[in-house]
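Read the single chain below, which is given as structure tokens and is the form predicted alone.
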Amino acid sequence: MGLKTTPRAVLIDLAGVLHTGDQALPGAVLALNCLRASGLRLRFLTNTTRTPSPQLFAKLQRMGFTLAAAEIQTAALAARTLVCRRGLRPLWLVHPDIAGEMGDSDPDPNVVVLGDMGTHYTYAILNQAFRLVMQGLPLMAMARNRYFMEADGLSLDMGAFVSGLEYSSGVQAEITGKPAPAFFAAALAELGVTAAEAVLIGDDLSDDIGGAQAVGIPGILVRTGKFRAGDDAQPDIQPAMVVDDFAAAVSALIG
């Protein structure tokens, strides 16, 4: 399809695009430096909900990436912002590593908020969430990704647990991260650009590319991270461009 105009801002997924685990992907550090030198406005969007924002920022710095902490937008912080804005009393069901960043759960909650708990998911925790939702509490989830790439291969993401709770309770979760339109809108508002003036680079056909293009942001799909053979030939979601990696995406944008 290609890009119709030169963007003013670039939204960049993290895991699978810039890095896998604790390792920067080949050429990604230099490509980000080139992209930043071009003067385009940048925002890093992630559905990662196991790592606190300060640790995520420090991790990216250790890998050699040049960025500011304020440029990182996480699904976890989006959930916290939404809960505070609405004056809700949350039960946080999150990974222990981000519990401090989210704050204490309310002893009398009126919303269940689910994050990626990784190996800390238990039947008791999920059943607690199920019972509260069945009592009428709304369900909020930070993301619903199917899987993600780790150093040793693909790993199950939190979408399976979100879908399980939805199936059992009959209640649809409100998603705070990608592909929620509000998540993209927040990034655009802070960058001061319209959807048509931005472009997203991601490795997830559905939540990155599909979510962005649903709100008018063209998406560049990279063949790294969670990309699977055939993602670039799906009839329902057609990226504006498909490239081998982040470095190739940057070259397409700035030459």
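Start at 1 with the first residue shown and count on from there. Quantities reported herein were computed from a predicted structural model and do not represent experimental measurements.
Form predicted together with another copy of the chain: not shown, discussed below.
Chemist: Which one of these stretches, 99 to 107, 181 to 189, 68 to 76, 160 to 168, sits within 4.5 Å of another copy of the chain in the predicted bound form when only heavy atoms are counted?
Modeler: Single hit among the candidates: 160 to 168.
Chemist: With a 4.5 Å heavy atom cut-off, would you call C84 a contact of another copy of the chain in the predicted bound form?
Modeler: Taking the distances in the predicted bound form, the answer for C84 is no, it never comes within 4.5 Å of another copy of the chain.
Chemist: Is R89 close enough to touch another copy of the chain in the predicted bound form, meaning at least one heavy atom pair within 4.5 Å?
Modeler: No, no contact at 4.5 Å.
Chemist: Examine G118 and determine whether its closest non-hydrogen atom to another copy of the chain in the predicted bound form is within 4.5 angstroms.
Modeler: G118 belongs to the contact set for another copy of the chain.
Chemist: Give a yes/no on whether M140 approaches another copy of the chain to within 4.5 Å in the predicted bound form, heavy atoms considered.
Modeler: No, M140 stays farther than 4.5 Å from another copy of the chain in the predicted bound form.
Chemist: With the partner left out here, which residues of 18 to 51 have a non-hydrogen atom within 4.5 Å of another copy of the chain in the predicted bound form?
Modeler: Read in sequence order, the lone residue that approaches another copy of the chain (within 4.5 Å, in the predicted bound form) is R50.
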